[in-house]
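Before any questions on how it binds or moves, here is one chain, the form predicted on its own, in structure tokens.
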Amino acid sequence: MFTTRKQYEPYISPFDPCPPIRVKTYVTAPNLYVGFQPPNLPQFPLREALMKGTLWQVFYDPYYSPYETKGKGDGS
């Protein structure tokens, strides 16, 4: 399933003094997955676009912390 939240497993050194974080996550921007901007994309109303930081709805991506409840923004 498509999601903008990616995860990876970093190298864990046997000499690391701190407890390791086994899985790290990061978020990619939605514009990475649109090859070109097609015409007639749906737009937010102007006031809402200013609040959300983008005019086009397909480029809006709210950030959710990985520590918040699962299911928000990750397609689950």
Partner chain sequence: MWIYEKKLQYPVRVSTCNPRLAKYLIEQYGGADGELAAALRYLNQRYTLPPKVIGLLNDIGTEELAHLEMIATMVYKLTKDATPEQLKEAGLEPHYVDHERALFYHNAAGNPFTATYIQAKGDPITDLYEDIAAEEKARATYQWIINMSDDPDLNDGLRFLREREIIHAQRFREAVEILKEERGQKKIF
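Since we're looking at a predicted model, the values are computed, not measured. Positions refer to the first chain, counted from 1.
Heads up, the form predicted in complex with its partner chain isn't pictured, but that's what we're talking about next.
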Would you please decide whether Tyr67 lies within 4.5 angstroms of its partner chain in the predicted complex, comparing each non-hydrogen atom pair?
yes
Decide whether Leu46 counts as a contact residue for its partner chain in the predicted complex under a heavy atom distance cut-off of 4.5 Å.
no
Counting only non-hydrogen atoms and a 4.5 angstroms cut-off, does Gly53 reach its partner chain in the predicted complex?
yes
So in the predicted complex, does Pro62 come within 4.5 Å of its partner chain, heavy atom to heavy atom?
yes
Ala29, Leu32 and Phe36: each with a heavy atom within 4.5 Å of its partner chain in the predicted complex?
yes
For the stretch 2 to 25, which residues lie within 4.5 Å of its partner chain in the predicted complex by non-hydrogen atom distance?
Arg5
